[in-house]
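In the form predicted on its own, a lone chain appears below as structure tokens.
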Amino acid sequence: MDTATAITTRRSIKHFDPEHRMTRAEIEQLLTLTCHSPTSFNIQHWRFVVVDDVELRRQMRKVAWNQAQITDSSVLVVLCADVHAWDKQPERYWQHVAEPVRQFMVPAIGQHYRGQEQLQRDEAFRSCGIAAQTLMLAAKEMGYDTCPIAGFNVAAVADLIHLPNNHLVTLIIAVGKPLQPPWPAGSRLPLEQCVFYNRFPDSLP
């Protein structure tokens, strides 16, 4: 499937086939592709928790508005972020590049993030947002559908997955085979309402 088709045909699926499961090889392929997503300074904040424990999924559904895709999807991925990834052996992010590049990039990481707590948090969310879209498009190319889920009790999910300190839960993505067609697509805003060149206009549409 070409990228344009994946983008235009991706839909959020609410009802998945509960009998279908992805193989471990498929899950690893999906997450390997996802890990090619870009991150600032290549620090790769994301941490993916693949929830395949049936009882744990039931507990998560209880704190996620009872959404069926939590338990019925083929695989459930909780996208988390390590907010302090920038300060954890930053040399590992640039270990396979030429020495002049490494000598520039590794110190620059600390210079950019140290003392900037809001930036650290914002960057972690940005990275996971990009990774989420990569995951959904990769799943579509692999023949699977997805549903990004933000409607859940963040603190409760964090507790259920034993979220470490200095980590954030950003999003949950359900992946699987649809049991029924998605709801009709919502309307997309015309470009003139969301695309501007150089500056915002004096009055917004």
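Numbering starts at 1 and follows the sequence shown. Source: prediction; values computed, not measured.
Only in words, not in the display: the form predicted together with a small molecule, which the text now covers.
At the 4.5 Å threshold, heavy atoms of residue 188 reach the small molecule in the predicted bound form. Not displayed here, the small molecule is approached by residue 11 to within 4.5 Å at the level of heavy atoms in the predicted bound form.
The small molecule is not drawn, but in the predicted bound form it has a heavy atom within 4.5 Å of residue 171.
Taking the partner from the other structure, the small molecule in the predicted bound form has no heavy atom within 4.5 Å of any heavy atom of residue 38. In plain terms, the part of the chain that comes close to the small molecule in the predicted bound form, with a heavy atom within 4.5 Å, is 143 to 151 out of 159 to 167, 47 to 55, 143 to 151, 27 to 35.
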